[in-house]
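For reference, the chain that follows is the form predicted alone, supplied as structure tokens.
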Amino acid sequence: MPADDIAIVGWGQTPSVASTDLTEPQLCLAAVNDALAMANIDRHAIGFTCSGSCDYLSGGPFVFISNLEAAGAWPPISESHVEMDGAWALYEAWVRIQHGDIDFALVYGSGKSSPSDPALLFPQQLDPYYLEPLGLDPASLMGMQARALLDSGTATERDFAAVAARSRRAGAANPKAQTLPNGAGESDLDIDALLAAPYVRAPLRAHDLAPAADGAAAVVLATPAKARELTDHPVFIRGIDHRLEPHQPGVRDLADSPSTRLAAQKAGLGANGGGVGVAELYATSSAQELILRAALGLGPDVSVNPSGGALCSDPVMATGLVRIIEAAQRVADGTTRRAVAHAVNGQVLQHNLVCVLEGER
């Protein structure tokens, strides 16, 4: 836990869409400009910049170097990059700003999934000898995880559909969330109608799986003193931590997420959800949301994914950072004094990050 809590003073995100003609640097530029405008600081005030992305998504070499145009890389700046979701870029910037020699850090995450096929791309994350040759795509792995949860007796397919219906209802009111394939009519919100849909990867249906999208997000971090100069309602990061599961999905209980539980403990969330009013969880399936809720100890009084979450919009490599932004927004506007955001990297909840946010005490 830091001696002085770092604050979030600005953020921006592009609308997440299934496909866009904009380049990835253009997406990043829009998000970065909005974040800097909200923070009301000049680009040259940034002491450190960190980005998160994955070149494999768009199929180009060193795309993250081109994305630096959005940050303004001339004159030369102090910057870093993680081949991960932007939430991990925020973690690196959170560490860097505590060194005490800078006041502001810029973080952004971006992904353009439309040029690639996730079913062919993401199996490359798996063990190259035993799993990758099988072509075990993310949807199939999530189907196995959902089956493990059903077999544990702690959830049903109706519970999955209830998560999807609630997420779609929330996403329909979020202008940043991608438009769902069939709109957001009553059939999309009715649990019985959702349960009548065909399986994609049993026991999961299309509405149970996050739709990959194109998009970007950005955050400006500041020291507490600078944050209080810029805004009367700073949002402080009270704790942040990330933990790993074993790489092989066959050697862990897919119906549980011990790494999320441990990260929450280290981040200072506290027992039984730690009194948070809002939780933004990066769940790429409806079953994963239920697993994460249990791992974090969230009760029925907690508003989970009021933005619609990844089930409505999954701009891969930015989605975790978007969860932090959406949670920070609820703290800043007074919806809740305390919120928790979660991000995931890897498949079936292998690597989990938990961020606890609070308003001014």
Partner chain sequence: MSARPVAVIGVGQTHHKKARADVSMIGLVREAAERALADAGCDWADIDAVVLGKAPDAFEGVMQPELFLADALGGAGKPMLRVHTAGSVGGSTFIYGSHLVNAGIHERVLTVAWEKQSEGNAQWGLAGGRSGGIGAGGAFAPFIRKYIRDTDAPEYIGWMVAVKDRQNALKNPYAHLKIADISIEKVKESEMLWDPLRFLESCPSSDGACAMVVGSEAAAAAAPNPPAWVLGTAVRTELSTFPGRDATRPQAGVDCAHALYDSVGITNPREQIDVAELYVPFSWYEPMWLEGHDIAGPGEGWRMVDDGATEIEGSFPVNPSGGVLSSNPIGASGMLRMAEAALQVRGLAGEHQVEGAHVSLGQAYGGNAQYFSMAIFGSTQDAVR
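Numbering follows the first chain given and starts at 1. Because the structure is a prediction, the values reported are computed rather than measured.
The form predicted together with the partner chain is left out here; the points below concern that form.
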- Message: Just to be sure I understand the contacts: of Leu290, Ala206, Met84, Leu150, which is the one whose heavy atoms reach within 4.5 angstroms of the partner chain in the model of the complex?
- Response: Met84
- Task: Could you check which residue among Thr156, Gln248, Gln265, Asn272 gets a heavy atom within 4.5 Å of the partner chain in the model of the complex?
- Result: Gln248
- Item | One stretch from 276 to 284, 74 to 82, 218 to 226, 163 to 171 that, in the model of the complex, holds residues within 4.5 Å of the partner chain by heavy atom | 74 to 82
- Task: Answer with yes or no whether Val322 is in contact with the partner chain in the model of the complex, where contact means some heavy atom within 4.5 Å.
- Result: no
- 4.5 Å heavy atom contact, Ile46 to the partner chain in the model of the complex: no
- Answer yes if any heavy atom of Asp101 is within 4.5 Å of a heavy atom of the partner chain in the model of the complex; otherwise answer no. yes
- Query: With a 4.5 Å heavy atom cut-off, would you call Arg261 a contact of the partner chain in the model of the complex?
  - Reply: no
- Query: Can you name the residues of 327 to 354 that have a non-hydrogen atom within 4.5 angstroms of the partner chain in the model of the complex?
  - Reply: Asn345, Gly346, Gln350, His351
